[in-house]
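Just the one chain here, the form predicted alone, laid out as structure tokens.
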């Protein structure tokens, strides 16, 4: 017994292995992006819908989950989801200040209109910016354009080319107050210097257009799904919603090129969506025939739905709208690709940096 005790005491101690996280930092970031995008899109859906019963909320949740899964990263390319709790409140304080500047500039511009023409001294001036975050650059560029008297003409790396209507307007901009306020809004994202530099290099060509398309695409898609989901009793429907969804794909192709877009929206995907839409349309019509009614006689669906004839018609029309929306979206997208490529994908130089490259670079730095 003593021998066993001594053996146990002399047994070498094995330290616990180092903790290995179950989810990588990239996976945690993706979950944050997905969750925040879902919340934003659901709020947008509820604002549009105006119907807050269980049926419409469930449809909204499903649509928002779909768009969040496919397009959530569009909203967070230039800013991390963990920074939004600081950026959003600061942005809400920046907006009233900028609205005040718009009012003041409008008053000054109205006075300038009734002044002698020799007071007008329009000029195009370069403005070297210290901003490094893509979303901050786009916000600053659009803030300049929204303020009467100044228009952002072009952005070349870190230099804005701005048209100012007179010297006073130009001097007000050169004070840098607007730039400083925009920088404070996106200060958390500005510290992610690796991602900021790589993303700026990857999308330096047409940065403003690409950023705006990224931000609007998820909301365009959720609006298209809203039109389809409410088309059985309100203006809209499958055709209109399908065209809106296809328009979001066209925007992506115009901003990022056909090759990159067609790697996401492939010919196989459009074929499957088109076939599925036709199958849903024909299947519901055939089901009505099998139940003893005419083609698309939705009232016969109540034989197994058991929700009443009016509700059966409503659900039947909704199913048809979904099928039409899928088919129209796929067909319109396919037609655009065929016309744009003339049947053959043109040789396009691949972009040197992608979002995945930026994420990989940032992960390497963190490790």
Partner chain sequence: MNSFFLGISLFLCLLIVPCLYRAIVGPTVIDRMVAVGAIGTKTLIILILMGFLYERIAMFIDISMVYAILNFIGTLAAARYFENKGEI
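Residue numbers count along the first chain shown, from 1. Because the structure is a prediction, the values reported are computed rather than measured.
Below, we refer to the form predicted in complex with its partner chain, which is not included among the displayed structures.
Interface segment, criterion being heavy atoms within 4.5 Å of its partner chain in the predicted complex, picked from 221 to 229, 137 to 145, 156 to 164, 291 to 299: Only one stretch qualifies here: 221 to 229.
Selected contact from 209, 99, 92, 107, since only one has a non-hydrogen atom within 4.5 angstroms of its partner chain in the predicted complex: In short, 209.
Proximity to its partner chain in the predicted complex, single hit among 265, 170, 213, 112 (heavy atom within 4.5 Å): The residue from 265, 170, 213, 112 that makes the contact is 213.
Residue contact check: residue 116 to its partner chain in the predicted complex, 4.5 Å heavy atom: The answer is no: residue 116 has no heavy atom within 4.5 Å of its partner chain.
Residue contact check: residue 254 to its partner chain in the predicted complex, 4.5 Å heavy atom: Residue-level check for residue 254: yes, a contact with its partner chain.
Contact label in the predicted complex: residue 337 to its partner chain, heavy atom within 4.5 Å: Output for residue 337 is no: heavy atoms all beyond 4.5 Å of its partner chain.
Exercise: residue 57 in contact with its partner chain in the predicted complex, heavy atom 4.5 Å: Flag for residue 57 set to no.
Check all three, 38, 42 and 322, heavy atom within 4.5 Å of its partner chain in the predicted complex: The answer is no; none of 38, 42 and 322 reaches its partner chain.
Partner contacts in the predicted complex for 224 to 238 (non-hydrogen atom within 4.5 angstroms of its partner chain): Counting only heavy atoms within 4.5 Å of its partner chain in the predicted complex, the contacting residues of 224 to 238 are 226, 234, 235.
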